[in-house]
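Okay, here we've got a single chain as structure tokens, the form predicted on its own, with questions on binding and movement later.
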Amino acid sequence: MSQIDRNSQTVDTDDTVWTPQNWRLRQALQMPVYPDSAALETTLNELHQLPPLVTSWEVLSLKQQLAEAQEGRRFVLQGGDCAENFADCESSIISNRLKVLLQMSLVLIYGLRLPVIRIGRFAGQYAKPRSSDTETRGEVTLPSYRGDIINRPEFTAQARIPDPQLMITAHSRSSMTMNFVRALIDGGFADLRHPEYWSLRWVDYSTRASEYQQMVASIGDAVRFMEALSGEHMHNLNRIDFYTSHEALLLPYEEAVTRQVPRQSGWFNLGTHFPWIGMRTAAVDGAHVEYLRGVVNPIAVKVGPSVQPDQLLRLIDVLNPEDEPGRLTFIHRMGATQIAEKLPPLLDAIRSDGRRVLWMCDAMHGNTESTRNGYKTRRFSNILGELEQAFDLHAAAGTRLGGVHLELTGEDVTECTGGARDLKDMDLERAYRSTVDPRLNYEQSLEIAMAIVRKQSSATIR
């Protein structure tokens, strides 16, 4: 038995006896209460017998690539829905979501001159934390909707009862999503040779229209030049790595998809490549941290403006005691108005401690606000502002921003204001489809990728 003591707060750990059930001995926040415990256990037993969604060698490959990102030799693009819906498991939605991530990554590869690790925030992102256990409409109060894997969004007493069978549906939808994504990628879905296929009508509204058009044209020209020079078709452009991630919130589900595999040591979460936990569940002595500390997968923790340096140091002690490269990522989400004050002390503490972590920026969650007409939104200027500040703050601290984490969709939604088309609050009602948080649409997502390239290019020139 070992003990971690940071600022007189002690956490017991025992790596030799960790099992996927250990979290049950700790306080588990943001968890539903299932009224039928027998039905829950039956479902979990069934889930445990289902085939895995990912493989151990994919997990280990991602960890190696994340270790390279820590050293500045790769850049991470992680993006997808705030919360997936079962109804959105259809070919056009999946292909559009994949399309925007692949095209963003191609822009980043070309502009940053670095390989990009593509991680989808989907194929399992069915659970969402809630600020309140209940929701009240008028005189009626019901349990909050916690995502399609737990209950249903309709505001009825029956719909809001946690249903364990939804975990089976979530696993099935995740499997179908992954199978389709793999098929698209194997078929060369994002072709660098044909930038004319890219939907870039939005740039006509941007003050940097000619710059963006030139960048996209240059990508295609570069590929054709290399093919002409070599005299061969660049087949490897159709072969890319793509990984999945989701918030490891519903711990009974995560436990059921955690397995040991032949010829590998340790326990793997085979429901996703890259599980993370959010601010609400990141207590160092809580159930979610206890679960994550025992899996082999690379893992991440969201870091908000209330987090203190000693908390991060204690999380490192528990989650990555061996200082394993590629193991631990911190995804900071401060908000555009707070990042300049809140992030530097955290960067200084981790750098001074000499521990290896990958830093990423989630520029979405700290910038959520509500409009007068009742819509949750995020302003593009705040999202971009937080990202630009993040690059500058890391450079000033002697650390490195190794990736971005974005909530986005390939659909033509109007959920975040601003961007090249300068969407206004009144535009939100035209195509607001999210059931939880606002997402960047296809055009805004590509604009962010190009802005990152522009930011880094200007920093290099300086």
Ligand code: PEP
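Numbering starts at 1 and runs along the sequence shown. If you're wondering where the values come from, they're calculated on a predicted model, not measured in any experiment.
Keep in mind that the form predicted together with ligand PEP is missing from the display, and what follows is about it.
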Interface segment, criterion being heavy atoms within 4.5 Å of ligand PEP in the model of the complex, picked from 148-156, 314-322, 258-266, 128-136: 128-136
Ligand PEP in the model of the complex: contacted by all of Glu247, Met279 and Arg333, heavy atom 4.5 Å: yes
Interface membership of Asp437, ligand PEP in the model of the complex, 4.5 Å heavy atom rule: yes
4.5 angstroms heavy atom contact with ligand PEP in the model of the complex for Asp362: yes
Contact of Glu415 with ligand PEP in the model of the complex (heavy atom, 4.5 Å): no
Partner contact for Arg121 in the model of the complex: ligand PEP, 4.5 angstroms, heavy atom: yes
In the model of the complex, the residue from Cys82, Leu102, Ile299, Ile339 that sits within 4.5 Å of ligand PEP by heavy atoms: Cys82
